[in-house]
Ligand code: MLC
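The data below hold one chain only, encoded as C-alpha cells and taken in the form predicted on its own.
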C-alpha cells in the first residue's frame, strides 16, 4: 500500500478535508477514493500507469479523485480549471490519457474532448457502486504528470513517481515540523506542486486538516482566519500583497483582532516567485511572522528552505532540505567558491523521473546525475540567495551579469511604484539592455524620473535604459510574472 494511503488508515476519525461548508474525515476520503478507483478499474485488476486526466474544483472531490487514480494504479494528470479548452486538449493529447474524470461544472468545458479523441468520460455524478480488490502499488511507479509553464517552448509534462512524491513530502514534514494537530488553508491551484505537495499532501500525510477556499477572496480568507482554527498558511507573493491591501482598509479594531490571531499561527510560507522585501516587512508588521521563503520547481518539489527554527533573512532562501543535495557550478560545470554566482543543481530522491515522451529533453536536463535548474544563486553567510533565472532574470549587458531581481527590489522602494518587472532585451552594442515595466499606484500619474532617482541607488550599468507603464504585469495562474511576455512587449515598442 502507498505510504500516504497507509498513513490515512491510521487517522480514520480525524478531520481530513474542509470544503464547500462540509467536513470530511479520513475514513470518508478512503471510502470515496476506493469507490473511484473501482470505477476506473471497471473490472480490470490494475490500470498499469494509464494516464487519467481529471478536473474538479479544489476540495474533497478533487482529493478523492486523485487518490482514486493512484489506488487504481493510474497516473494522475490534474487539469487546470482556469485554462482554456486548447490548453486542456494539449495536456490530454500529450499524455495520451485514456480517461477524463470530471465534475459536473466542467462538463461543457471538456465535452469537445469526446469528439476530438477516443477517450472514456467518467462523471462524478454517475459513479456506480462496485465491488472488487485494489492493486498493490509499488512506490517506484509513475504517479503524476504536472505541466511546466512553457516559458521556453511548449509545456513539458513532468513525471514523478510515488517515491519522488513521498520524498518531497517527507523532507517538508521533517523540516517544517508538520503534525496531526495542524490545520492549513489551501487557496492555491491544484495543478501545481505548491498546492498539491507542499500543502495538501503534507497535511494528509501528517493526519492534519486541509481546508479549501476554491476562489481567492481576501474577505473570506480573513473571515476564516478569525475562526482561530487555522495555524499554517502558505501563499505566493501576489496573494500576500493583496491581503496587505485588504488589511489596510479594515477598521482599526478588526486590524488589531486579526493581527493578534495571526501571531498565534505556527508557520507562514511564501514561494513560487521572488518575495519583495517590502512585502515581507509589511506582512511582518501585520502578523508578527517573518515569512519562510523556500525554493523549488515542478521537477523536484522543494529543495531549499529557510529554517523553521532559526533566523530567516530577507532575500535568502536558506539551506538544503532534508535528503536533498545542492551544488552551485559555473558554465564549465565547476563548483564555484562561496560568494560567487553559480547555477543551482540538485540531486536526491525528490527529483523527477522524466519529461513525458521527451527523452532528449530529459537527458539534457541532467549532468552526471545532477538536475540543472537554470536558476542562479550565491552561497553567502550560510544561506543561498537567488539572483534569478539564467534565461530571463540574469541580464548579460556589456560584459556584466546583472540580476533583474535586485533591480526590481530597488524600484519597488519608490513611493509611486506598486510593482515592476525587469528584463533584458537584445541590443547589438551591449548584448542586452535593461528594460523595466512599471505599475504605478496611481494609474493617472506619469512615470517619475526613475533615471535620476536610481543614480545613487544602483551602479550605472544596472540602471534600466527603457521603461514601460502598465496597469498590471503579465502573470501565469500562480501569480508569477511571465518575463517572456514582457520581453515581447518591449521588442514591439
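The term rigid core refers to the most C-alpha atoms you can superpose between the two forms while keeping them within 1.5 Å. Numbering follows the first chain given and starts at 1. Quick caveat: nothing in here was measured; it's all calculated off a predicted structure.
Omitted from view is the form predicted in complex with this ligand, to which the following refers.
From the list 64-72, 425-433, 44-52, 24-32, the contact stretch for this ligand in the predicted bound form under a 4.5 Å heavy atom rule is 425-433.
In the predicted bound form, this ligand sits within 4.5 Å of a heavy atom of residue 465. In the predicted bound form, this ligand lies farther than 4.5 Å from every heavy atom of residue 380. Within 4.5 Å of some heavy atom of this ligand in the predicted bound form lies at least one heavy atom of residue 216.
Contact check for residue 351: every heavy atom lies farther than 4.5 Å from this ligand in the predicted bound form.
396 is the sole member of 396, 255, 223, 325 with a non-hydrogen atom lying within 4.5 angstroms of this ligand in the predicted bound form. The single contact residue among 412, 242, 266, 141, judged by any heavy atom lying within 4.5 Å of this ligand in the predicted bound form, is 242. Shown here without its partner, the chain carries 392, 475 and 486, none of which come within 4.5 Å of this ligand in the predicted bound form through any heavy atom. Along 442-473, a non-hydrogen atom within 4.5 Å of this ligand in the predicted bound form is carried by 460, 461, 465, in order along the sequence. Relative to the superposed core, residue 44 shifts its CA atom by less than 2 Å between this form and the one not shown. After superposing the rigid core, the C-alpha of residue 407 moves by 2 Å or more between this form and the one not shown. Between residue 380 and residue 461, the Cα spacing is larger in the predicted bound form than in the shown form, differing by no less than 3 Å. Relative to this conformation, a decrease of 3 Å or more in the Cα-Cα distance between residue 316 and residue 425 is found in the predicted bound form.
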